[in-house]
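Below, in structure tokens: the form predicted on its own, a single chain.
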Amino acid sequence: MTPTLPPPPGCNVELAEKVLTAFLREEAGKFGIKGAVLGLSGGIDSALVLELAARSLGPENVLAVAMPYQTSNPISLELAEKAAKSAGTPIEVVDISKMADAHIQAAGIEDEDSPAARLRKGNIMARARMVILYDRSARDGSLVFGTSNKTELLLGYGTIHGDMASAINPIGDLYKSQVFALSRHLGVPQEIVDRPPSADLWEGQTDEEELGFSYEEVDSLLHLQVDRRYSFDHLLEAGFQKSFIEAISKRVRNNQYKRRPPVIAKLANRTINLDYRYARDWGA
């Protein structure tokens, strides 16, 4: 008989909304910045950040940018436009096909379809999108809001200097299951909530199929392992398979480099990010 696993972490949605909207207002306000820009994919994470941003800064001060590639599912753009309409924000559509293809062709992988080539192409697309967002940030004097959730950050399921980049991230401490709960509370369009999570990097791709496990299962494990500091033996007692615990633990460790600022070799008494560490708004 298969043991019943603990449930994924819950979410006090009223408190989360209050804390996260205040966080966005305060962080942007520290630098006198009133506007935000973010990539809107048609998925639940970016739709949730858009709703939080609109509530925090006012919808007129938030720019959503949809950035389809030539193979992107047309439904992604339709849902992105629906999310922007729901949040009341303007939306700009920028096709990244020519931009990304120039890099893909230069890398000599345009005709390859191996897993390694698909990964490289996906990384190029993600970084092309971030180039566009930071350009809009410079144009408008706005901050880039991040859309990576805690599950993705822990698993390294994202592109460093791509979709994992941002000035501030309101959902980086929310597991995917909590993202769903808060999205329902804030009224993210139901079609987006119901859609299987996907990076939409190739036809038919879904997060859970690519990862090899469900978000509910991995959120339950990560919550106990990271937030409640369960030992390996306690995780086994909770009903998780030994192989699953080992695989997830290895993945979290192996992707630590994505969650850290660049490591600087120490030569002086005070080294940036090691000894010389101040809050982002130090001196403001």
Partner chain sequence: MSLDCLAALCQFKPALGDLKSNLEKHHAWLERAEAEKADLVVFPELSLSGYFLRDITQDSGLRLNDPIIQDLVARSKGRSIVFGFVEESDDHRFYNSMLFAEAGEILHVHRKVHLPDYGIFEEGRYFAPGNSFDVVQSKLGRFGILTCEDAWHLDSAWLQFLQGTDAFLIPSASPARGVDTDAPELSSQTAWRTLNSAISLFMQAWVLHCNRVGFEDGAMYWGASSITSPFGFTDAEAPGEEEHLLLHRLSEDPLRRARIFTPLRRDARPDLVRLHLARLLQDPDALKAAELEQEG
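Residue numbers count along the first chain shown, from 1. Given the structure is predicted, the values throughout are model-derived calculations rather than measurements.
As for the form predicted together with the partner chain, it is not shown, yet the points below apply to it.
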Exercise for the section: Please name which of the stretches 249-257, 35-43, 59-67, 220-228 has residues with heavy atoms lying within 4.5 Å of the partner chain in the model of the complex. Expected result: 220-228
Exercise for the section: Tell me, yes or no, whether residue 263 is in contact with the partner chain in the model of the complex, where a contact means a heavy atom of each within 4.5 Å. Expected result: no
Problem - residue 147, heavy atom within 4.5 angstroms of the partner chain in the model of the complex - result: no
Exercise for the section: Using a 4.5 Å heavy atom cut-off, state whether residue 30 contacts the partner chain in the model of the complex. Expected result: yes
Practice task
Find out whether any non-hydrogen atom of residue 178 is located within 4.5 angstroms of the partner chain in the model of the complex, and reply yes or no.
Solution key: yes
